[in-house]
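One chain is shown next in structure tokens, namely the form predicted alone.
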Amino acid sequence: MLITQLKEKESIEALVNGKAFIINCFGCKEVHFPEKEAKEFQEELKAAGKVTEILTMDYICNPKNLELHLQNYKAEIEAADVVLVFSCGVGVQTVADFCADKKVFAACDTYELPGYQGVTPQLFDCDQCGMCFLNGTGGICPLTACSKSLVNGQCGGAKNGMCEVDPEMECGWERIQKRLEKLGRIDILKNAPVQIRDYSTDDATKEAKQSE
């Protein structure tokens, strides 16, 4: 189970350089999704002429379901400069995989909520860290795509593009590098400040949110 929370409004606005195609996922809103806040923010973007279209659906982590919906919005996605996703980290990664030639950004952070996790046909995983790294890694999660959950680049142990911990697993950071090169965003790695993971989002912050 999980909790999704909107990132700071200013940080989301900074991601929309031009126009955005927006995707909402309300599949897990019975746990928690900031639907009202998301809609209000999206209406502001729409009024400012920064939205090509808004797609709202359930469970974008289901790749076949997502693919069927995206087929109806090819022109709107093509006209957008970025794809802005309001969902958990799994949904953002699924969208980024389908829209590999577009900048796909997460508008939410995802926190773990103890309890039963529903089963969906997921291609990706979310560590529910509460400080989503996807916006700086081309929509590929460094915590789950890397066996060591490194957040500042690869360890140097990969051989022929494969992980030294799991030789059958492609190095997550090599995947990130290739994705950013394809998007023309490789400079984001060269100029990025050192990332320090805040583990308080896994315990104290999480407990505070559950008590709200």
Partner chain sequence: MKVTELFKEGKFVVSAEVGPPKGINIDKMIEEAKEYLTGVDAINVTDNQSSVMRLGSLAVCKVLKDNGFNPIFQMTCRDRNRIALESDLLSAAMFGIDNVLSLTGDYTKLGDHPGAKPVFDLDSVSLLYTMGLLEQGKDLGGQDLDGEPPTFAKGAVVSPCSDSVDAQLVKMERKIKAGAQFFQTQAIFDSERYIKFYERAKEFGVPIQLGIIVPKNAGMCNFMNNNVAGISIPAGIIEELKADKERAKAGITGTEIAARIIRECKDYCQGVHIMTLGWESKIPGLLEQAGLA
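Everything numeric in this text was worked out from a predicted model, so none of it was measured. Residue numbers count along the first chain shown, from 1.
Only in words, not in the display: the form predicted together with the partner chain, which the text now covers.
- Considering the partner chain in the predicted bound form, the lone stretch of 35 to 43, 48 to 56, 173 to 181, 64 to 72 in range is 173 to 181 [heavy atom distance within 4.5 Å].
- Proximity of V165 to the partner chain in the predicted bound form falls within the 4.5 Å heavy atom cutoff.
- Of the heavy atoms in K148, some are within 4.5 Å of the partner chain in the predicted bound form.
- In the predicted bound form, the partner chain sits beyond 4.5 Å of every heavy atom of S11.
- Although the partner is absent here, K19 sits far enough away that none of its heavy atoms falls within 4.5 Å of the partner chain in the predicted bound form.
- Residues E181, I186, L189, K190, N191, A192, P193, V194, Q195, I196, R197 are the members of 180 to 197 with a non-hydrogen atom no more than 4.5 angstroms from the partner chain in the predicted bound form.
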